[in-house]
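Only one chain is shown below, in structure tokens, and it's the form predicted alone.
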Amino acid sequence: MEFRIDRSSGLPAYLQLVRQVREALRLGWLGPGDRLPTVRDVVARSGVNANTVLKAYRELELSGLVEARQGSGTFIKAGLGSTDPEVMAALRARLAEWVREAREAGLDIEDIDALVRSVLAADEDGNQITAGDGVAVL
């Protein structure tokens, strides 16, 4: 697994690491028994502080997703997501095609993000959910 840190995102680096592991678990790219990169490797490749990586790994451990094995590394303990990996791969391919079309139509990343968030913040009938509905809007 290769971590990527976006220093302009406003999201702390340790949370970016946690998010990337969780996403890899949901997408089936990581599963129980897989080993996460060593702290030293993450520091060398991403440029983040070792304490940042340790904080992320601790967060994942507290949530029951990984376990640290003394002298062996950090390993995935549990998976996320219950969808068949083939279904996820097919949906990802369709989404990638949609993103390509959106870029060809002139949308930038923020435009695409806004569209996706608006769809995610809608109910099953397509009605926008507002903060007044007692739901946190993205």
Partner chain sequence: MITAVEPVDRTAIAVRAQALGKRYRNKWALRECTFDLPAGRVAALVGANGAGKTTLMTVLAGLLDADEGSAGATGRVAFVSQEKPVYRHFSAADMLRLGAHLNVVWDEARARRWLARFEIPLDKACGKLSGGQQAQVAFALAIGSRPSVLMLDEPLANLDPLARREVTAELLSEVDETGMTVLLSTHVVAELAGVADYLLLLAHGRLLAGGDLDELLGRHVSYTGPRSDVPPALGDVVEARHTGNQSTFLVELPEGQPRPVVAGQWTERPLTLEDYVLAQLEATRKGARA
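Residue numbers count along the first chain shown, from 1. Whichever C-alpha set is largest while still superposing within 1.5 Å between the two forms counts as the rigid core. This one's a predicted model, so the numbers in the text were calculated from it and none came from an experiment.
We do not show the form predicted together with its partner chain, though everything after this point is about it.
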Inset, instruction - Quick one: find which of 96-104, 25-33, 47-55, 109-117 has residues within 4.5 Å of its partner chain in the predicted bound form by heavy atom distance. - result: 47-55
Inset, instruction - Decide whether V39 counts as a contact residue for its partner chain in the predicted bound form under a heavy atom distance cut-off of 4.5 Å. - result: yes
Legend entry - V43 within 4.5 Å of its partner chain in the predicted bound form, heavy atoms: yes
Legend entry - A68, heavy atom within 4.5 angstroms of its partner chain in the predicted bound form: yes
Legend entry - 4.5 angstroms heavy atom contact with its partner chain in the predicted bound form for V18: no
Inset, instruction - Determine whether the C-alpha of R117 shifts by 2 Å or more between the shown form and the other one once the rigid core is superposed. - result: yes
